[in-house]
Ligand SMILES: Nc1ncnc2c1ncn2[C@@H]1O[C@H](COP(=O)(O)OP(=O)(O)OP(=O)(O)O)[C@@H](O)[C@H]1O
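Next comes just one chain, in structure tokens: the form predicted on its own.
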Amino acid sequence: MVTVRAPATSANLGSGFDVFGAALSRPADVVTVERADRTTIEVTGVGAQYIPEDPEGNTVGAVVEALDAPAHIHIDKGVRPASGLGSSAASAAGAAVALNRLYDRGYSREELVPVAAEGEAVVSGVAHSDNVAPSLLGGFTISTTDGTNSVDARVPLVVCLPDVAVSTRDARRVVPETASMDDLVETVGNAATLAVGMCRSDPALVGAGMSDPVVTPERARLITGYDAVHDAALAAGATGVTVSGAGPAVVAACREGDRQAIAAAMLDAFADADIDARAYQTRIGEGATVVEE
């Protein structure tokens, strides 16, 4: 038996659509696997009632198939589905690490990224790596068709999760198919600024690089109260604010001492829009870890 804690993640970070990702110190899924002749899945925790336990419909089923590693799998969800915090990716990453260890397959964490990404395809229809990569590797990640690079950044964050749902498929439908040259230049500049900020663990640069004129404005329209929450976080000291992944979670970069005030301001702004929400005072953290075997 092997048990793995796999962290929530924030993908895109504004300017890095389908490329950037960051592991969060909290929340997380806990995945336990035990050898079996036939794969079975049990799901408990946050939003478990919405997650299929049939291996063909669950993100970990594709991971089992890719690793040829049948098992009894228990997923204790700490990352709410349809949150914009890489819920399916956390389960896939946790299963990949656990099954790799259980069956001694010998894959490196980098080699497990495309394996776990196949699990993402079950949920979103696309085998993308911007969530599974940071959940496996930790830190800040850059995923392209050539592979993934990561850096062990240390940046405080606040993530505010409203009690509404935005599916990844719906959020992809609103992504513009074209962008102007001016918007492209702005986005590249912001993405470069954010990447430098991560390498320096500089919250000011990370926040400055989160702005995105193409994808974020369209996705923000799917989140009731987003503009007020964005402005409230900045007023409370955030260095940058954007939609986390497909949403509805909103992520703010900040300095260590400002997290509590920012979390309170974001919660109040959602409350003013009659939306219940939960705030996580978190930071960029480590990847999936084996906690028991």
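All residue numbers refer to positions in the sequence shown, first residue = 1. As the structure is a computational prediction, the values presented were derived from the model and not from experiment.
Although it is not shown, the form predicted in complex with the ligand is what the next lines describe.
Candidate stretches 45-53, 62-70, 251-259, 225-233 - the one whose heavy atoms come within 4.5 Å of the ligand in the predicted bound form
Going through the listed ranges, the match is 45-53.
Note which of Ala246, Met266, Val241, Ala28 lies within 4.5 Å of the ligand in the predicted bound form, where distance is taken over heavy atoms; exactly one does.
Here the answer is residue option Ala246.
Tell me, out of Ser180, Ser201, Asn149, Ser167, which residue has a non-hydrogen atom within 4.5 angstroms of the ligand in the predicted bound form.
Among Ser180, Ser201, Asn149, Ser167, a heavy atom within 4.5 Å of the ligand in the predicted bound form occurs only for Ser167.
Is it the case that Gly86, even though its partner is missing from this view, gets within 4.5 Å of the ligand in the predicted bound form, heavy atoms only?
Gly86 belongs to the contact set for the ligand.
Does any heavy atom of Ala82 come within 4.5 Å of a heavy atom of the ligand in the predicted bound form?
Yes, contact at 4.5 Å.
Counting only non-hydrogen atoms and a 4.5 angstroms cut-off, does Val159 reach the ligand in the predicted bound form?
Val159: no, not in contact with the ligand in the predicted bound form.
Can you tell me if Asn131 lies within 4.5 angstroms of the ligand in the predicted bound form, counting non-hydrogen atoms only?
Heavy-atom contact with the ligand at 4.5 Å: present for Asn131.
For the three residues Val97, Arg109 and Thr141, which mark the spot I'm curious about, does each lie within 4.5 Å of the ligand in the predicted bound form through at least one heavy atom?
No, because Val97, Arg109 and Thr141 lack any heavy atom that approaches the ligand to within 4.5 Å in the predicted bound form.
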